[in-house]
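Quick heads-up: it's one chain on its own, the form predicted on its own, in C-alpha cells.
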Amino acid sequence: MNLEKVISGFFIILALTLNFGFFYGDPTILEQHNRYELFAAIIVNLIATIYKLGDKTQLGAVLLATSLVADIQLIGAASIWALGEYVTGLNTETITAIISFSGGALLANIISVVLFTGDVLKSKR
C-alpha cells in the first residue's frame, strides 16, 4: 500500500463528495446549498491540488489541471456569492450562477476521480 496514494485519493474523493453535497438541490433556492459546505469544498480542493503538485507524470499533469479547474470554479462561485451578498443582492440569476460554477467544479472532480481510479487499477501490485 502506497501511503501517498491513499492520502491523495482521500482528498480527491472528499473534494468530489463535498462539491456534490453543495451542488445537489434546486439551483434556484439558495437555502438548499450550504455556504460552509462550499467553503469546505474549496479548502479540500486546494489541499488535493497541493498533493498533485509533486506528481511529475503525464497523468499527474492532467490531474493537476482538473484540480486547478475545480479550484477556479469553486473560488468563482464563492466570489459571485460574496458579490451578490454584499454588493448587488442575491437574485435568481446570481444563485443560478453560483450553482453552475460548482457544477463545473463537480465535473472536473468527476474527471479527476475517474483518472485517479484508472491509474490505480492500471498500476501493478
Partner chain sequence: MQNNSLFLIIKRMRTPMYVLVVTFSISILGMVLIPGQTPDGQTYHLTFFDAFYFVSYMATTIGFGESPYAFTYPQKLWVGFCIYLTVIGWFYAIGAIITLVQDKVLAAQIALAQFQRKVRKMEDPFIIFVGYNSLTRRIIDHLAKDGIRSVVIEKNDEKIKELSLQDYTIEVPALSGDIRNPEVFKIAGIHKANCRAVVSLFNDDVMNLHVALSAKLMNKHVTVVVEATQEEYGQNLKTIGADIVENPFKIVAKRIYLSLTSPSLLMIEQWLYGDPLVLRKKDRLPREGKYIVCGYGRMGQALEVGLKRAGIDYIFIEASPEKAAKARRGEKVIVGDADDKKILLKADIQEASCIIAATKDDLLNLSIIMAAKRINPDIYTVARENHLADSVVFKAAKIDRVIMLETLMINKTYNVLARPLADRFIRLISYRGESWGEKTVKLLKEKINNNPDTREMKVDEESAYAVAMMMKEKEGVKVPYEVLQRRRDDWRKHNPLMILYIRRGEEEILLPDATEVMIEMGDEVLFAGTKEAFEDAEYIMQNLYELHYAFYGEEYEISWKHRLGVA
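Computed from a prediction, not measured in an experiment: that's the story for all the values here. Numbering follows the first chain given and starts at 1.
Below, we turn to the form predicted in complex with its partner chain, even though it does not appear here.
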Check: Are all three of F39, I47 and D55 close to its partner chain in the predicted bound form, meaning a heavy atom of each within 4.5 Å?
Finding: yes
Item checked: Residue contact check: E85 to its partner chain in the predicted bound form, 4.5 Å heavy atom -> yes
Check: Contact between I43 and its partner chain in the predicted bound form at 4.5 Å, heavy atoms?
Finding: yes
Check: Relative to its partner chain in the predicted bound form, which residues of 93-119 have a heavy atom no more than 4.5 Å away?
Finding: none
